[in-house]
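Presented below, as structure tokens, is a lone chain in the form predicted alone.
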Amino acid sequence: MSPVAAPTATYRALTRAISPRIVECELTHLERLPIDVPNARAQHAAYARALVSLGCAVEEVEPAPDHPDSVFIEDTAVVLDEIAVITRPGAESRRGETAAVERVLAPLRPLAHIRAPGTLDGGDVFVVGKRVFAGRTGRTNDEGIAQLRAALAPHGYTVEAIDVTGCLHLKTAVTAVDDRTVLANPQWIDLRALAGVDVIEVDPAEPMGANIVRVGEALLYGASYPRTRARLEARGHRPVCVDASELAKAEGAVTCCSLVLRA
């Protein structure tokens, strides 16, 4: 684990190196395309630099070269100010990814764990204030959501389940822009489940454009969605954009590649 910014930064972002086996990644909704691994690594390095520019101390967790999807560290934990929940990924091939992340988080937060028969991917969870939304997907089941709810309730969070169709994770379909606003694709979730939250819809030509990283008040976004970025900017948001096109071939996006927590 190597820090890339001073530990006095307001936020900490955990990342993980791209496995040389990323070409063998799990795919659910996408056709397998060739991944340019050197280019993917260059994009990942630029992503880490962008996180630093937004106020993060970036730390790289021990690599997991035998796990093709391990760069998508978001799926291994749900981290809030009060607690970190170590997940039990829905894809069995990914369950070996959590141990090293747990070792890094253990000194930073009290820990809870999702246990069998529960499954939960971090990519199926996002937070708006004290409301936590959890997606029912092929990777996250009702038991996993129930265990998350039990772990977070003592800290004042509610957990609301949302059905997801047509994409891998809930955060493919919707992510938080701030404590009142989300960016969403209405084709993949029922927006009525987000009652009380302000919704910015993606441009219909950019269905994958609902995934955005929040670092405090700052935002990090994929460069492939200029029309949706214009919608964000029209609402006063100014996201920093990075190219994540190679990782998108592995069914990943910008939130997938980090765990951002308050330092």
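Predicted, not measured: the structure shown is a model, and the values here were computed from it. Numbering starts at 1 and follows the sequence shown.
Keep in mind that the form predicted in complex with citrulline is not shown, yet the notes after this line are about it.
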{"item": "Candidate spot 25, 169 and 256, all three touching citrulline in the predicted complex (heavy atom, 4.5 Å)", "value": "yes"}
{"item": "Listed range touching citrulline, judged in the predicted complex by heavy atoms within 4.5 Å, from 199-207, 65-73, 232-240, 218-226", "value": "65-73"}
{"item": "Contact test in the predicted complex: residue 123 vs citrulline, heavy atoms, 4.5 Å", "value": "yes"}
{"item": "Contact flag, residue 246 vs citrulline in the predicted complex, heavy atom cut 4.5 Å", "value": "no"}
{"item": "Non-hydrogen atom contact residue 250 with citrulline in the predicted complex at 4.5 angstroms", "value": "yes"}
{"item": "Contact test in the predicted complex: residue 88 vs citrulline, heavy atoms, 4.5 Å", "value": "no"}
{"item": "Interface residues of 90-111 toward citrulline, as seen in the predicted complex [heavy atoms, 4.5 Å]", "value": "94"}
